[in-house]
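A single chain, nothing else alongside it, follows as structure tokens in the form predicted alone.
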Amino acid sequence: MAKSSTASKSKSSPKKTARQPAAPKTPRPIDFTKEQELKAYRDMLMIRRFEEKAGQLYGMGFIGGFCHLYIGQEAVVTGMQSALIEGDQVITAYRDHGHMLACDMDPKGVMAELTGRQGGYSRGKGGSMHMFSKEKNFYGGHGIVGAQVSLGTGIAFNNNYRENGNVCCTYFGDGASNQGQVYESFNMAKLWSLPVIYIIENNRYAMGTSVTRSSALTDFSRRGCSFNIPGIEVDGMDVRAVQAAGELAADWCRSGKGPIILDMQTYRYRGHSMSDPAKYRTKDEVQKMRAENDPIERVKQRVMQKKWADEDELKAIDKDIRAVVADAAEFAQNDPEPDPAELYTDILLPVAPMTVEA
């Protein structure tokens, strides 16, 4: 009788699931070489100067609609791109100019799209929030909050299906982290062990509300816990820390362990968009962040302390970048607007229903 009871208990016990891989620890920032430091400086400064010029053109009326600047967050995308290999993809939200430049897209094409000219990456019809480059594996700029998370998961599904060894970097913000489709995507990504890095650019204010007022769980590295997706918190104002975390995350995905979340602690200096006066935070808070944690200044100080470049040499880099940006702005203001005949190209039109004759 006892034997029978034991056997019955054994049959009815639930099947144990496979043990999940332990979450990785946040890696130490990489010790950059001279070449790495100067490249990071140049790449971040390119984004900074480009965005400053975009803000200027917006104020002059050359850029219409919405325009979201990336000033302050340059280390995130710069460090992540340094961790990727050929074929890896990038998809993000509407604060996307910095991501495009980091993907090596032409500043002229990006700026021309901002001003709605035919030389833009979407032929002047997408504007600031909707640019793409299949050649550079950049899949947008998306205006709907959180929409790109599902799309990025789908790109990772394609990588997994084709077994091509690539990963998809899917960027979104702390505000988008509360969208429902994000968690549906998390579930599928973990269920199918998809090679996707979810990068939360946590600039602390979403559209204008502090994360402490809008999120029940403010540790975004833990947002995937219920799906067994590991996450780590990263100093998103230090390009060395970002690259270290990016390399770890990419290796994690390529080894078949599935998705991972990187909570990038970053900060934007400007408002949510050009129409936002950002009165929900004090000027002292912004100034303190710029003075103590600016990603470009941190690189500059390290370079000068190690005597890898002096003030004049860094000013020369800045001068070269300003010339490239000025050239892009000149092109974007004088390139022709799209021909009216282009109005209905590159869009899906509804198909007339079929009629069946009696």
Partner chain sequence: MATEILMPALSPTMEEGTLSKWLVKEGDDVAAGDVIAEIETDKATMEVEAVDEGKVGRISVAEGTEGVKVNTVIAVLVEEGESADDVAVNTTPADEQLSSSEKTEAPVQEAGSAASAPAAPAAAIADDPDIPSGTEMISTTVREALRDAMAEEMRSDDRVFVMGEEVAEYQGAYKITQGLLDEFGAKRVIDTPITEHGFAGIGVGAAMAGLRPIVEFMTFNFAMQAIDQIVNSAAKTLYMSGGQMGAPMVFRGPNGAAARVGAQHSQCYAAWYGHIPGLKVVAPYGAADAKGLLKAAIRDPNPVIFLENEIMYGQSFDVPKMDDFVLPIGKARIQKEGSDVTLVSFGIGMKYAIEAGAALAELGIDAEIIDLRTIRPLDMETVITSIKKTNRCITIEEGFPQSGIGAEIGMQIMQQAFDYLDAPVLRVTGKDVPMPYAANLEKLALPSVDEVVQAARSVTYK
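Residue numbers count along the first chain shown, from 1. The shown structure was predicted, so the numbers you read here are calculated from the model rather than taken from an experiment.
Note that the form predicted together with its partner chain isn't included here; everything after this is about it.
Participant: Are all three residues Lys108, Gly175 and Thr212 in contact with its partner chain in the predicted complex, where contact means a non-hydrogen atom within 4.5 Å?
Facilitator: No residue of the spot touches its partner chain in the predicted complex.
Participant: Do Gln56 and its partner chain come within 4.5 Å of each other in the predicted complex, heavy atoms counted?
Facilitator: Yes, Gln56 is a contact residue.
Participant: Is Ser275 close enough to its partner chain in the predicted complex to count, meaning some heavy atom within 4.5 Å?
Facilitator: Residue-level check for Ser275: yes, a contact with its partner chain.
Participant: Contact between Asp327 and its partner chain in the predicted complex at 4.5 Å, heavy atoms?
Facilitator: Close contact is absent here: in the predicted complex, Asp327 is far from its partner chain, nothing within 4.5 Å, heavy atoms only.
Participant: I'd like to check something about Lys307: if you look in the predicted complex, is any of its heavy atoms closer than or equal to 4.5 Å to a heavy atom of its partner chain?
Facilitator: Looking in the predicted complex, residue contacts with its partner chain do not include Lys307, since no heavy atom lies within 4.5 Å.
Participant: Looking at Arg223, Arg204, Arg240, His142, which has any heavy atom no more than 4.5 Å from its partner chain in the predicted complex?
Facilitator: Selected residue: His142.
Participant: Which of these residues, Trp252, Tyr94, Phe132, Tyr267, gets a heavy atom within 4.5 Å of its partner chain in the predicted complex?
Facilitator: Exactly one residue meets the criterion: Phe132.
Participant: Which one, 79-87, 255-263, 162-170, 228-236, holds residues whose non-hydrogen atoms are within 4.5 Å of its partner chain in the predicted complex?
Facilitator: Contact-bearing stretch, as computed: 162-170.
Participant: Within 321-335, which residues have a heavy atom closer than or equal to 4.5 Å from its partner chain in the predicted complex?
Facilitator: In sequence order, Arg322, Gln333, Asn334 come within 4.5 Å of the partner.
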